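Below, in structure tokens: the form predicted alone, a single chain.
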């Protein structure tokens, strides 16, 4: 039972991070390689908000989430908007530079020592016992539920929301979408905001569960194969890819060697690239174009 719980929790982490990669790629065909650093920045924002809203943890968490959304929009407005119409490689390299910058700022402001936002907020992390002698912490359970809620909201938004349909149209044919009166810059800014939001939620909940360090982007790097395995333009694929990656990682750690934890996601990715390079639910034509 505990093995299953570990797989579900890890899959929820990877899925919540992976959908951020998918949202931006699906709309603009850009790989955001600063996603891990933006996720980590959201976790550190909790520390900043904890001092501003001392004694009010809910307000501090809400403020950190709102600031993360604003950060995503600002990244597009002041940086990525300049890349519109440029080579895709230029945009990708810009995200690499952004990630380095964010990592440096975090080290300068908060240092590289491990921080515990839950202590700063004055909240606890009790452990629950489940049937079958399984155990799960409170914030891990919240993370699983948040992942389900986030995917449900995104599926509904993209399917029925006005701006969600605009995002889909911009991803399928940006020229035609612009000719039909869709504000592409608004759509792209929204995609960056939503992507940063999902990453920040994952970072915040992981930080509340076990603390945050400067190595948090490694987790986002391990989540990237989940998006690729499922298909970079498919939210459902990201969810399934996260489950596959997490299942393989937990099982090999348990039955083979814990040292394989950082290798397994990329072994699964290599196997998928050999068999089906565009992913389980990805669009083959889009991969060919890239």
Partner chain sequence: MFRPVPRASGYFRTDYAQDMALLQTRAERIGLAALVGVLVTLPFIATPFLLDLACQVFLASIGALSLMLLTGYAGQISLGHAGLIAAGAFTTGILTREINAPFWLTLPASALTGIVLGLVFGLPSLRLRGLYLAVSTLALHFIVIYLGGEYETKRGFSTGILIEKPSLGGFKLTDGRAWYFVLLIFAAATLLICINLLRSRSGRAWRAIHTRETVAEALGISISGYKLLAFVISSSMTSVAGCLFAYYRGFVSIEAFDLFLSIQYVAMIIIGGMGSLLGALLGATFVTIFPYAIEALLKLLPNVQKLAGDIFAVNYASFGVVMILFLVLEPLGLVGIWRRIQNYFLLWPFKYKPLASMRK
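Since the structure is predicted, the reported quantities are computational estimates derived from the model, not experimental observations. Residue numbers count along the first chain shown, from 1.
What comes next is about the form predicted together with its partner chain, which does not appear here.
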- Considering its partner chain in the predicted complex, which of 145, 130, 107, 74 comes within 4.5 Å of it through any heavy atom? 107
- Is its partner chain close enough to 98, 260 and 274 in the predicted complex that each of the three has a heavy atom within 4.5 Å of it? yes
- Item | its partner chain contact at residue 159 in the predicted complex, heavy atom, 4.5 Å | no
- Query: Heavy atom to heavy atom, is residue 153 within 4.5 Å of its partner chain in the predicted complex?
  - Reply: no
- Item | residue 269, heavy atom within 4.5 angstroms of its partner chain in the predicted complex | yes
- Non-hydrogen atom contact residue 281 with its partner chain in the predicted complex at 4.5 angstroms: no
- Hey, of 245-253, 24-32, 59-67, 41-49, which bit sits against its partner chain in the predicted complex at 4.5 Å between non-hydrogen atoms? 24-32
- Residues within stretch 206-230 having a non-hydrogen atom within 4.5 Å of its partner chain in the predicted complex: 221, 224, 228
